[in-house]
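First, one chain by itself in structure tokens, the form predicted on its own.
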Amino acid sequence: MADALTVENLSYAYTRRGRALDGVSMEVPEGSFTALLGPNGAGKTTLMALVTRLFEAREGTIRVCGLDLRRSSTAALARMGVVFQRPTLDLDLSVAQNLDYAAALHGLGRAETRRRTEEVLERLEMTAFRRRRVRTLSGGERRRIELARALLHTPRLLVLDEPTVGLDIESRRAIVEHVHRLCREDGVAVLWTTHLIDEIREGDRVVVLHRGRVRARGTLTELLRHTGADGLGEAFRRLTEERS
């Protein structure tokens, strides 16, 4: 299985006092759900900013579907869909208008935009909300529209930065299930950052990040074997214990 995302020896510092990321290496295989798990301050948001090129990585390499993000940024980003932690929809526009704007940025024609909009909204059970202003939607509904927007251009890699923060239990469950279905049925590779271990399922891949370094990476089974823990919660605790 090829990797949709490859990160090699990635480091980043905001100041000279210390590194937010220190030699991070990881991969997201095609069709996999890879959870980036870490406590607050682990470096997850910094890593996501570098992967989505909000920040430029000067130390290390990031490749998206084999394309170097620094050298071929436009082509690499075209293969990526992103849902940021903070909402970015225009509240005063309708759902359709938000999607139309995103489609135009990706260079989709009018007919293709209409077809893709109908398709993604139907899969997310949001067709009836097409003409609604985003301001009138609930938090869970807005999150589903952000996911629909990220999928409009059929990306091979979907990057989601703590997408369920602030959502109720049912909305969180629905989004987690839908994203796993994208991996199973469409072969989309997913990088999902979280600090909630109940969002990770058997068969998922896990990367544990702590204090800017990768403590472990692999399948859930491999992590449990590596740590000798009975469950992911205990494995996570052992991997993120303070070290000298």
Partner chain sequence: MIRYLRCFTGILSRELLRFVQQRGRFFAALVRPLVWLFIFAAGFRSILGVSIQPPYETYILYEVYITPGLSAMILLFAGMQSSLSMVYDREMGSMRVLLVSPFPRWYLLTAKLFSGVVVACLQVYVFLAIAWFWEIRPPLAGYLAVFPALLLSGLMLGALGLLLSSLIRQLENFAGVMNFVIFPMFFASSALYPLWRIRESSYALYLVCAFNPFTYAVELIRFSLYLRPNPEALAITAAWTALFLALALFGYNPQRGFVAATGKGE
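Computed from a prediction, not measured in an experiment: that's the story for all the values here. Positions refer to the first chain, counted from 1.
Beyond the structure shown, there is the form predicted together with the partner chain, which is absent from this document and is the topic of what follows.
When the partner chain is considered in the predicted complex, only one residue from Arg115, Arg131, Arg71, Arg86 comes within 4.5 Å through any heavy atom, namely Arg86.
Contact annotation: of the candidates Ala174, Leu167, Ala78, Leu137, the single residue with a non-hydrogen atom within 4.5 angstroms of the partner chain in the predicted complex is Ala78.
Shown alone here, Glu56 lies within 4.5 Å of the partner chain in the predicted complex, counting heavy atoms only. The closest heavy atom approach of Ala150 to the partner chain in the predicted complex falls outside 4.5 Å. Though the partner is left out of this view, Phe236 does not reach within 4.5 Å of the partner chain in the predicted complex, counting heavy atoms only. Taking the partner from elsewhere, Thr46 is found to have a heavy atom lying within 4.5 Å of the partner chain in the predicted complex. Shown without its partner, the chain has Phe84, Arg86, Pro87, Thr88, Asp90, Asp92, Leu93, Gln97, Tyr101, Ala104, Leu105, His106, Gly107, Leu108, Gly109 in segment 84 to 109 as residues with a non-hydrogen atom within 4.5 angstroms of the partner chain in the predicted complex.
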